[in-house]
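Below you'll find only one chain, the form predicted alone, shown as C-alpha cells.
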Amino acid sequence: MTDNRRAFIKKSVALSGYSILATGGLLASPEANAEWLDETTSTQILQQTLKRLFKDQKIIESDQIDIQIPKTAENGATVPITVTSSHRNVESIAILIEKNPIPLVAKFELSPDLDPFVSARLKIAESSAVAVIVETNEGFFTASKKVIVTPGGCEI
C-alpha cells in the first residue's frame, strides 16, 4: 500500500514540476526563439505587441503623460522610470520598449480612485524609444522618450 502511495506522490510531484516549467516557457527551445527573432524586426515585434494588447484601437499622442526617465543610461539593466498622468479615470498604464526582445515590460491595472502614478526599474537591451500607453474610459493615449544605453550596459 505504501509503495503505491509513494509512486503516486513521486509521479504527481514530477508532473507538477514539468507543468510549471512548460507553462513558464522554461522548456522551450532558445534556438527556435532566436530564429523567430532573426526573421522579425523590433518594429514588427512592437506592432504585433500593440495589436495584441490594444486590439487595433486608436492610440492618440498626448502631452498629459509625464515620463521621468534618464536620457542616457549607464547601466541598461536598471533604468528608473516614473510615469504620471493628468488624464482622468485611468484604468491602466503600459510601458513598452521598442528594441527589447519582448517590448511590453510592465502593465499596471489601476483603480479609478488611485492617482495615475507608477514607478519601476526597466531592463533596456539597447538605445531605444520607451513608450507609455495610458488607457482611460475615453480611449488610449501615448507618450514616448528616447533612452540611450551606453556600451557595456545591459546584456539580455
Partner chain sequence: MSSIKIRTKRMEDGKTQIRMLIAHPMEHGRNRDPKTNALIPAHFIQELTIEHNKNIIISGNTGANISKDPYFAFMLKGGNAGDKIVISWVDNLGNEDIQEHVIK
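Only a predicted model underlies this, so the values are computations on that prediction, with no experimental measurement involved. Positions refer to the first chain, counted from 1.
Note that the form predicted together with its partner chain isn't included here; everything after this is about it.
Engineer: Considering 65, 69, 122, 131, which brings a non-hydrogen atom within 4.5 Å of its partner chain in the predicted bound form?
Structural biologist: Here the answer is residue option 122.
Engineer: At 4.5 Å between heavy atoms, is residue 108 in contact with its partner chain in the predicted bound form?
Structural biologist: Heavy-atom contact with its partner chain at 4.5 Å: present for residue 108.
Engineer: Any chance residue 115 has a heavy atom within 4.5 Å of its partner chain in the predicted bound form?
Structural biologist: Answer yes; at least one heavy atom of residue 115 falls within 4.5 Å of its partner chain in the predicted bound form.
Engineer: Please tell me whether any heavy atom belonging to residue 53 falls inside 4.5 Å of a heavy atom of its partner chain, as the geometry stands in the predicted bound form.
Structural biologist: Residue 53 lies outside the contact set for its partner chain.
Engineer: Even though its partner chain is not shown here, does residue 60 get within 4.5 Å of it in the predicted bound form, heavy atoms only?
Structural biologist: Residue-level check for residue 60: no, no contact with its partner chain.
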